[in-house]
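One chain is shown next in structure tokens, namely the form predicted on its own.
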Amino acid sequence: MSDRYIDFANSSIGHRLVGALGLPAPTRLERWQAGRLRPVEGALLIGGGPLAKHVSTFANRLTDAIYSYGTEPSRATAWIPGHGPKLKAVVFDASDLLHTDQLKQLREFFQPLMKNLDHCAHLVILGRDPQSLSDPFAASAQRALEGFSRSLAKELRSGGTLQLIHVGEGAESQLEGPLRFFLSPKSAFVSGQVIRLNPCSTPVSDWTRPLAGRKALVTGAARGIGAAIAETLARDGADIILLDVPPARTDLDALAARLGGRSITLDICTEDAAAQLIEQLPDGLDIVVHNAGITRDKTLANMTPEYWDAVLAVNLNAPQVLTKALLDSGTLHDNGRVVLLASISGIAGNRGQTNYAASKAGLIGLAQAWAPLLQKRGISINAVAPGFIETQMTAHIPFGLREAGRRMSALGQGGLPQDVAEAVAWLVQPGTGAFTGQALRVCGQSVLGA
């Protein structure tokens, strides 16, 4: 669905009027386009502590234009504020800021950059997990990075985003994958997030088709976000198996044919759904994306048992039962990937959605609880929590609520199904076993929730 306000705000007359009236002026976001080869098309600035030198060793695979500021990473040209090029991407290593006095380096590094960022710039701060540090002062300084990064993300303009990555000891070699995602337009609608990166022994061998040779199942795939996920996984080389309910067969079969995949029609809430699914997957799976979900909104005072039971059955119980069956049967291979489609409603809550929010929060809890149990098999499990996404469902929201949902984020607009799909596609790559048991919000840094 088209966002007419963005169309107006970015028109010649609209830009002048919006500025004169002091109205929000959301920028049309740059997203990944077919045929693009490099994650960053423009200047990449690298600075900060020892991890900056590590990033510089693969920076030439991200872009040709590499600059340093404040430090001297190898193979980088010095960047001078006001004289260097506009910056498309920035990486600052704050992992060695271990005392309050050192935190001033954040201001000293980022302040000169703020008026020199390009359109839709992507910034990443590297740090250490405060809980991994025994020194209270060091842990305090590293925890301060979260408040700084979330606040600075809200100050960025022109579609800029910023993330904080906690790099675990031994996970330094895993940085290329997250930076390829967070410094590129694939993360256009992700901002203000804090990510934990752990060691992982499974590398990506081909960044142009990172999912080549891997079999992926996507539920609720006939349309909307599910269809976008299927298309993106296929683009990245996966063999796609699409699942949806029997009434969606026509759309499902058409999409499967277009993507060269296979379709399965199945009601995932039936008692024998797991057995039926496993029977149709004789060669097993490498990737499972639980996208199928429904809403039945009512305030709790008016919530019927049927509404409650239906939402919990589809959104939470079915992913639990199906995933356990796929694991127990060995259908999901070792080093597999599981992604659960949650929602910011499951993080922040939402009036009239006690059933829906409970189901989505349950998925986040499932990922957190299962992650350590699955690590011995090299399997990662994560949740993706979309915010306001432009779909057929949100198109039917009353105008006032729809506009509020769009504007209540740092980026001032709704996301697209592609934004969710890109996040899922990154999480199911081989190297993202370094990222597990976490919830990645795709919400433009919504004001709702943490």
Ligand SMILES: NC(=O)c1ccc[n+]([C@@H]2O[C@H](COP(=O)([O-])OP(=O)(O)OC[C@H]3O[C@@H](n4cnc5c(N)ncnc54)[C@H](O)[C@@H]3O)[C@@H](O)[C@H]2O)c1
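Residues carry their position along the shown sequence, with the first being 1. It should be emphasised that the depicted structure is a prediction, and the values quoted were computed from it without experimental measurement.
Just so you know, the form predicted together with the ligand exists too; it's not on screen, but the next bit is about it.
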Item to complete: Would you please decide whether I294 lies within 4.5 angstroms of the ligand in the predicted complex, comparing each non-hydrogen atom pair?
Response: yes
Discussion item. Since only the chain is shown here, I'm wondering whether S343 would be in contact with the ligand in the predicted complex (any heavy atom pair within 4.5 Å).
Written reply: yes
Fill in: Interface membership of F388, the ligand in the predicted complex, 4.5 Å heavy atom rule
yes
Worksheet item: Taking heavy atoms and a 4.5 Å cut-off, does A254 contact the ligand in the predicted complex?
Response: no
Discussion item. So the ligand isn't shown here. In the predicted complex, which residue out of V245, A348, L113, A171 has a non-hydrogen atom within 4.5 Å of it?
Written reply: V245
Item to complete: Quick one: from V194, L266, L326, L259, grab the residue that has a heavy atom within 4.5 Å of the ligand in the predicted complex.
Response: L266
Worksheet item: Which one, 115 to 123, 356 to 364, 135 to 143, 279 to 287, holds residues whose non-hydrogen atoms are within 4.5 Å of the ligand in the predicted complex?
Response: 356 to 364
Worksheet item: For the stretch 211 to 229, which residues lie within 4.5 Å of the ligand in the predicted complex by non-hydrogen atom distance?
Response: G220, A222, R223, G224, I225, G226
